[in-house]
Each structure stands twice: as structure tokens, then as C-alpha cells.
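Form predicted on its own, single chain, as C-alpha cells, below.
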Amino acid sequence: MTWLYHPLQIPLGLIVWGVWFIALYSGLSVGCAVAPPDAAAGPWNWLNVVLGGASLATVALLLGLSALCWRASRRVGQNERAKRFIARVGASVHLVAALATLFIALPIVGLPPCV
């Protein structure tokens, strides 16, 4: 898995987070404009379920990439410092992006979407 040592791993977590963020708020805006769920239903409606599911999938992807990068950083030899650095920084950035995704997605659980 040489792609785990590619320098693209460093910004990849934030790129995934950015795409998720744009998709989340785009989906929220389109969902509220086209077929707004009943506000009396509270936070448990079709729009929040879709947005929450996409958020959980994004968190799972980022955590999986973080784990892969961390394991890859432990497999490199002593003379491959650049590979270890890229894999460790990539794992850290993926983890931070997963935590940011969870933090921003928390209102989906408790708030109605179109109020």
C-alpha cells in the first residue's frame, strides 16, 4: 500500500472533510427547499436521517484512513523517515477531520433541520 506514504495523505483528511461539509449544507438547503420535513416531528425525520447517515459514513471513512496510516507508519524501516512522517501526519489529520465531522454533525441529532 504505497499510497499511504504519498504526500497527498497530509491534506486528504481535510479535503474529505471539506467535501462532506459542502455536501451536508448543500443537501440541507436543497432538502429544505424541495421537501421540508414537518417541524413538529423534531430532529427525527428523513432529512436528518440522510444527513446523519452521510456524516457517520464520513467519520467511518476518516477513522479507517487514520488507522491505515498509523499502521503504515509502524511498518516502515528506520531509514524511511519521510514515509513515517507522511503516514503519521496523515493519520493525525484524518483523526482531526473525523473529530471535526462529529462535532459539526452533532446538531443533526438534536435540532429540526429547517427551522
Partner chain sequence: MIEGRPDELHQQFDEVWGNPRGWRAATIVNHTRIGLLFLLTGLGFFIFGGLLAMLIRAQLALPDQAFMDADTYNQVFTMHGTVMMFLFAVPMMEGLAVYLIPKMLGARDLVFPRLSALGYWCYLFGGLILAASLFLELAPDAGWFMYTPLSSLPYSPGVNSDFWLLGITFVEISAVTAAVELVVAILRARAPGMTLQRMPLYAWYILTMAMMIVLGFPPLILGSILLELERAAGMAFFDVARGGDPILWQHLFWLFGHPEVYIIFLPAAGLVSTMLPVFARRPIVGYRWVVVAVLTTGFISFALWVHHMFTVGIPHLAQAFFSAASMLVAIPTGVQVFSWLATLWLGRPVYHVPMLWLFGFLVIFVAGGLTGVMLALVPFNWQVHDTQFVVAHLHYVLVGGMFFPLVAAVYYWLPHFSGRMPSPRLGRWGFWLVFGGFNLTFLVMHWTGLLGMPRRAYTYAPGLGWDTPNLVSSIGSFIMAIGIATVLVDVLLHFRFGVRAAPNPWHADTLEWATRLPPTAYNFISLPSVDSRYPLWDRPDLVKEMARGEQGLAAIAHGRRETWGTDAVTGEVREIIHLPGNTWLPFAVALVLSAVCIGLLVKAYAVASVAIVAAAILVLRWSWENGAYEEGGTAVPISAGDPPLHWRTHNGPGRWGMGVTLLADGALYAALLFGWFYLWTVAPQWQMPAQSPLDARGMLANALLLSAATLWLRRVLAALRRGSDKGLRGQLAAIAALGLLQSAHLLWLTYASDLAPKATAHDAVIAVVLGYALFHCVLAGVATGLQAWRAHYGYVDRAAPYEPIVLGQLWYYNFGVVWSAYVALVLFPSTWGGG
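Keep in mind it's a predicted model, so treat the numbers as computed, not measured. Numbering follows the first chain given and starts at 1.
The same protein has a further form, the form predicted together with its partner chain, not shown here; the description that follows concerns it.
Within this chain, R81 lines the site of its partner chain in the predicted bound form, having a heavy atom no more than 4.5 Å away. Using a 4.5 angstroms limit between non-hydrogen atoms, L68 is distant from its partner chain in the predicted bound form. In the predicted bound form, its partner chain sits within 4.5 Å of a heavy atom belonging to I86. The closest heavy atom approach of L111 to its partner chain in the predicted bound form falls within 4.5 Å. Contact with its partner chain in the predicted bound form, defined as a heavy atom within 4.5 Å, is made by all three of P11, I15 and F21.
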